[in-house]
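The data below hold one chain only, encoded as structure tokens and taken in the form predicted alone.
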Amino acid sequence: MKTYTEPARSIPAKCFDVVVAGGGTAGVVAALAAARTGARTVLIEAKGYVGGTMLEGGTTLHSFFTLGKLFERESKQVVRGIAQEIIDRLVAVGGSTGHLTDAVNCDYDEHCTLIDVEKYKLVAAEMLEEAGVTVYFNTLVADADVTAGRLNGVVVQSRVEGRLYFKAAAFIDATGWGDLSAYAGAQYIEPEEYSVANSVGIGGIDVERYTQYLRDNNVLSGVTYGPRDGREGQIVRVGAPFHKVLSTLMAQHYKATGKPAAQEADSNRIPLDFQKKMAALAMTLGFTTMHDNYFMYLKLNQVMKKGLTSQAEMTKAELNLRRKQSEALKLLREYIPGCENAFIARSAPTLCTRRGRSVLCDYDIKNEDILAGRHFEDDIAYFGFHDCAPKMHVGGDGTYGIPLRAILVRDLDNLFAVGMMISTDYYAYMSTRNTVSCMAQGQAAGTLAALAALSGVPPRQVPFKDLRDKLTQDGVYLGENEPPRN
């Protein structure tokens, strides 16, 4: 038996103006924007909380600002609107440090904004409730109903209500994996192999002793000071990706000696045996924290060699990442002062990826667009950070534009793709997929989806001036509201 034919059945249908699939980084903002614009909006989220990769992949948002110090100029905040409102709400309840400047490293993301993942879950859910968004937690997108290039509705599978049909005028795919786009028949590419991670929170850490050890061994790449448990001027972020810096040294040593060494090596005294084990785990020693004795974020990577839509490979990766978490904890406790009593306090319910399906849209942002600081006549957001800095950075005045065309799914009248799904160019993607960029895309998509639904026309037929006026009215920065450059 190789196939099974499901019997036909009628399922309950519900009507909305806008459906947002995925309550992650972009989806929350998209749903807020749509509902506040007046659309009956439903948000579908597979887990029992919102936040997605923003919570489970990093806890540090970069960057609301352009790079300034590297180019001897003032930094400018270019992402505002709902994204900034979320930070303001979090700061008010002690759930974010606000925007901080790195005290040491200025050639990468000199600005960072830390968030407390648990407080974000509550604040974001309350904002959705206040806006009147209907939220379906523990619910998966299961299929799409498409006729002649137009999405009519989506089938979802709810843990409580079972199978449902959501009819709407406009749809936003913010799943991160491109699930809704794939069900709708959109064209996409899938990376053959890509790193996934399950970052963990580690308790029982002496933050100051840990940082001093890294400082003594010359492996710090950045230190940020800010509020921690109500006290200003505390260490809240440390960059220390030294396994990358020293990987060549490690390889040379083992090739030459054929055995591990636990003695000094050039500029640091961290045992090479530890370095080798850490590199095998694809582990970094950088961290973020808003609390004493706690790391909110310790990263462990796993490369999936058969892409991200193989169930067998996904299962293997989930298990292997759990094993890596255990091994990483052992390394910390054994080798690094201040970690003797460390324990795993938090992990994500499932692995995270930086790249799922790349959905083809009307325009595909290229790296040359970013490096040139290019703007477009249909810019719906400005952004100013490249994750390959300092090797690559945004040109021009430090900003580039994300055009509306880049989030309109090709050959489908009423479907948007936002967040990690745009830009097939790998290096362009290393900018557009960053959390704050995703939030900006979400506001534009939610706003236009609502305008289209309320006016009864497809999104491409809504006058761009109407969208631009609404975005700027809602606090979005579009070049001081001057006409964008071509």
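Predicted model, so just to flag it, every value in this text is computed and none were measured. Numbers for residues come from their place in the sequence shown, where the first is 1.
This protein has a second form, the form predicted in complex with a small molecule, left out of what is shown; the following refers to that one.
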Considering only heavy atoms, tell me if A444 and the small molecule come within 4.5 Å of each other in the predicted bound form. no
Any chance T224 has a heavy atom within 4.5 Å of the small molecule in the predicted bound form? no
Looking in the predicted bound form, any heavy atom of L122 within 4.5 Å of the small molecule? no
For D102, is any heavy atom within 4.5 Å of the small molecule in the predicted bound form, or not? no
Within 4.5 Å, heavy atoms only, which of M304, C352, V117, L332 is in contact with the small molecule in the predicted bound form? C352
Taking the small molecule in the predicted bound form as the reference, which of L67, A428, A452, A46 has a non-hydrogen atom within 4.5 Å? A46
In the predicted bound form, segment of 324-332, 124-132, 68-76, 138-146 with a heavy atom within 4.5 Å of the small molecule: 138-146
